[in-house]
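Okay, here we've got a single chain as structure tokens, the form predicted alone, with questions on binding and movement later.
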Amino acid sequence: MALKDEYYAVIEAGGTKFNCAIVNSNREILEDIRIPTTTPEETLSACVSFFKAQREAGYAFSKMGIGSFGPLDLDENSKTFGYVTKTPKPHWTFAAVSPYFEKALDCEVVIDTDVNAAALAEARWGAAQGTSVSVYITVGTGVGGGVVVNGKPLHGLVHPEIGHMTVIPPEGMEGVCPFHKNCVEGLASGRSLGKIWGQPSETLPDDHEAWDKLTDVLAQLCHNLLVGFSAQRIVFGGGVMQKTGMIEHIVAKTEKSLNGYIVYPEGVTLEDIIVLPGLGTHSGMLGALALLDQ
């Protein structure tokens, strides 16, 4: 499928908000809206109203790309294909996402995880261009990871759940994930930081020990991604990663953890591998578009 139409509908569906937009084939965002993630009925209905209004305004589209929080059922032979499966997000377990939009808007829908979509956009147009194996990690309200191998998002038994990779917790910390005691998400997400430290993560001062311990966790994650996937690029996005100095600390701690085991290609350093997004804050939105260009 190629970007031959004039307009496309895209959704970056997160646990906090659904970012909806009309995008053209030049990757320009023409109209957009943020809709709070409440119940499926309220949220999906509000999204449909936005897209119907855009059609009435002249933005005719026949295809929609959705990068959604999950877990998702991505088995096209499944009766619940395009549904959210078991999620800690209240009300959303087994919510039908792509089928809802297909029916309500009478359009073709392509869906994948939000992080797989963002990984694809970064591989296609951003910081992971020219790689055959790349990973996109978002550290925000939750922690998730998408993998692209030879230009395709990685699927398998389900899809990558990198945020639930278990790690050794920093001293004095214990994860708060309801499913896994010490997974990355339960130690490093904005939501988890708030529970662990007793205040919203965005209110933690720059010199708080939380940030040092957070980079300990993310460096362990990078170690595992490098030895597990042989990733040529690990792209870190999400609100938490916008904090100054985070990426530099992760690189330094990952280098120490690897202890010289991985020999990089000539002229390549770990600073070239562990990077921030090339698409800025638009990786997720453009990822939904990238799903339509496979």
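All figures in this text were calculated on a predicted structure; none of them were measured in a lab. We number the residues from 1 along the sequence you see.
Quick note: we don't show the form predicted in complex with another copy of the chain, though the next part is all about it.
A.B. asks: Could you tell me which stretch in 261-269, 56-64, 34-42, 244-252 has residues with non-hydrogen atoms within 4.5 Å of another copy of the chain in the model of the complex?
C.D. replies: That would be 261-269.
A.B. asks: Looking at V176, V110, M173, V149, which is the one with a non-hydrogen atom within 4.5 Å of another copy of the chain in the model of the complex?
C.D. replies: When another copy of the chain is considered in the model of the complex, the option within 4.5 Å is V149.
A.B. asks: Taking 4.5 angstroms as the cut-off for heavy atoms, does G82 touch another copy of the chain in the model of the complex?
C.D. replies: No, G82 stays farther than 4.5 Å from another copy of the chain in the model of the complex.
A.B. asks: Applying a 4.5 Å heavy atom distance criterion, does A46 contact another copy of the chain in the model of the complex?
C.D. replies: Output for A46 is no: heavy atoms all beyond 4.5 Å of another copy of the chain.
A.B. asks: State yes or no: in the model of the complex, is some non-hydrogen atom of P169 no more than 4.5 angstroms from a non-hydrogen atom of another copy of the chain?
C.D. replies: It does: once another copy of the chain is placed as it appears in the model of the complex, P169 has a heavy atom within 4.5 Å of it.
A.B. asks: Hey, in the model of the complex, is E161 touching another copy of the chain, heavy atoms inside 4.5 Å?
C.D. replies: Looking in the model of the complex, residue contacts with another copy of the chain include E161, since a heavy atom lies within 4.5 Å.
A.B. asks: Given a 4.5 Å distance limit between heavy atoms, list every residue of 212-230 close to another copy of the chain in the model of the complex, or none if there are none.
C.D. replies: Heavy-atom contacts to another copy of the chain in the model of the complex: Q220, H223, N224, L226, V227, G228, F229, S230.
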